[in-house]
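This document starts with two versions of one protein chain, written out as structure tokens and named structure 1 and structure 2.
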Structure 1
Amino acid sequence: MRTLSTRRAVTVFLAPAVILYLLAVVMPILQSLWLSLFEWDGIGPMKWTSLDNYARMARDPVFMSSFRNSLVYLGINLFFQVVVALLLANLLLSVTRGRELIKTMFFLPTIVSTVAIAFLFQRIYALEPMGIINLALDAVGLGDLATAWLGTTRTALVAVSIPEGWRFMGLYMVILYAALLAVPKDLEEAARIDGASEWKVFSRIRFPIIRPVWATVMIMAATYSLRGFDIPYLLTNGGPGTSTELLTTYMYKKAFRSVDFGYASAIAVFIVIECIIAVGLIIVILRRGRQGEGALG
């Protein structure tokens, strides 16, 4: 009887969340999948095209360019939000004074308006009048390197990726820092007594223990980056040319500028599949890393 009542309680608590998830996430995905099989302008009759929209993606040079840009955008974001965030969280353990202030300063960009962040980085990257980056280059005698970072195809993609990586770096740093606090201190002290370096303490004790949290952070950062839209759209609108066009911005333009909802839905389905593959690859890599550590141990 107790087991039955427990199951009922779990069902009662989970049911609202599951229903909301089905309505807000699963249903739109299924609708996009269905709509991707049609040619539709949002007003007239829907024309069945089967998989033509998916075949069209392979022939679309802008789509292929957007896909490559999205992968670069993902890599830069993962560097800041996973690698740098982990490094900062580890360094934060050794800070004795001002720790809360440091955490607040790094976390603050997470809650700042997207529009404000875009405007801030427009000023930072500006050439006329000179922004912070170009002023710094000029101050150290490298004024010849000053450029319009958002207006040059060589630098625009990196320039629009950095704000997104910086914005959520503090959030993931705080999450990883909380995980590091849970690492047993007696294990670290025992390792140091045995002569282990700080790198050995981190790689052999801290990181294996926080690996599940780190994996969660990596999945969150990867999926959010692949769905990134607002800051790149506000900064460059995909330009110059298509140098900063991401799958998300291209999907938006196809849906609401070209009113090609069928093709836009196919791109949306591709983004979902891309996220699923990214999560699967992360899980496989982490499992192999864990097995490798087990074999070494």
Structure 2
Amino acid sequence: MRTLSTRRAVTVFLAPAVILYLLAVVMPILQSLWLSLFEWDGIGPMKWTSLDNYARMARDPVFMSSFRNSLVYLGINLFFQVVVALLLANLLLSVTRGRELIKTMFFLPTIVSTVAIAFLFQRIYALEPMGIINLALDAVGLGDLATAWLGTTRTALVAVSIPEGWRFMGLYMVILYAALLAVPKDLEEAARIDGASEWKVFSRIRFPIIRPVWATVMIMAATYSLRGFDIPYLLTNGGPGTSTELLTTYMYKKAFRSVDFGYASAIAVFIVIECIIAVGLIIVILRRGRQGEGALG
């Protein structure tokens, strides 16, 4: 379209988006990098400390436990949003009626606000008045196990992670299901006639074909989990103790409660690096998987 393209037209159409993107995303990222090299309470003079904030992380037990908690949070979310969602998408293929309706209903939690979700799960987990989980335990005679799931150190982290998994599971299932629909049916049938088990059909035919979509879903689910903030912040805000503190909630506290802008910026930069590493790992695994197939023929 050389004839349509003039320098003026490109500038007029592109500049507004680029300027806003620079202002709202790119510049603040660079500012965070810069701030992470200082000690600053937001009012007094900024004190240059070079990489001290990053060294401080390694010595900070709360940071280390938050990092571990974030990984658990990530693992639980990936379990629901990638593993369970993929399983459900496969199961949905063999449902004969009402698939469109089922898809729509699976998707519903995605549009509920995190504030409403936090309120909902607070009620579901509650001991007083009894939430549905404790009621169910009571009903099957396991009343002894009833507990305040969010208030108990041992269970709080899992309890805080599940709502986020629940929230986006339907979204990813819908995407994976669309990819599975595009797998040629004759290929599957031919394999079944040759006596391939359902697992073989899935692992040798379906999965290799949907692998790129699966990778997109992995990347979305992983980066969204690593930046997950609202639900843990609203449900427990890190407690009891630091048992549900994630890097994001810890960073927020350091920034807006302790007003320790330098250290908080360093943690924010760390979260960005985490996301980049996660995406890199997923791409590497994806490539390796492809090569493995090539070797097998």
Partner chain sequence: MTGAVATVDRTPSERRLRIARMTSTAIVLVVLLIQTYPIAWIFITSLRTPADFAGSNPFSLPSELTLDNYVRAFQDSDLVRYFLNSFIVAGGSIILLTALSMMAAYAIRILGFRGNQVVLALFLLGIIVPVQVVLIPLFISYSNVGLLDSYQALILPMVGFALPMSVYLFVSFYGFIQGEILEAAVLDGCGPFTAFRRIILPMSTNTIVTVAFVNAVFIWNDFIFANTFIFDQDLKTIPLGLQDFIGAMGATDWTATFAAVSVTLVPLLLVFLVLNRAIIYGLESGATKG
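The term rigid core refers to the most C-alpha atoms you can superpose between the two forms while keeping them within 1.5 Å. Computed from a prediction, not measured in an experiment: that's the story for all the values here. Numbering for residues begins at 1 and runs along the sequence of structure 1.
Novice: Would you indicate whether the form predicted in complex with the partner chain is structure 1 or structure 2?
Specialist: Only structure 2 fits here, because that chain is the form predicted in complex with the partner chain.
Novice: Would you tell me if I273 moves between the two structures by 2 Å or more at its C-alpha, with the rigid core held superposed?
Specialist: No; I273 is a residue whose C-alpha shifts by less than 2 Å between the two structures when the cores are overlaid.
Novice: Core-aligned, does A58 move its Cα 2 Å or more between the two structures?
Specialist: No: A58 shifts by under 2 Å between the two structures.
Novice: Compare the position of the CA of V26 between the two structures after a rigid core fit and state whether the shift reaches 2 Å.
Specialist: After core superposition, the C-alpha of V26 moves 2 Å or more between the two structures.
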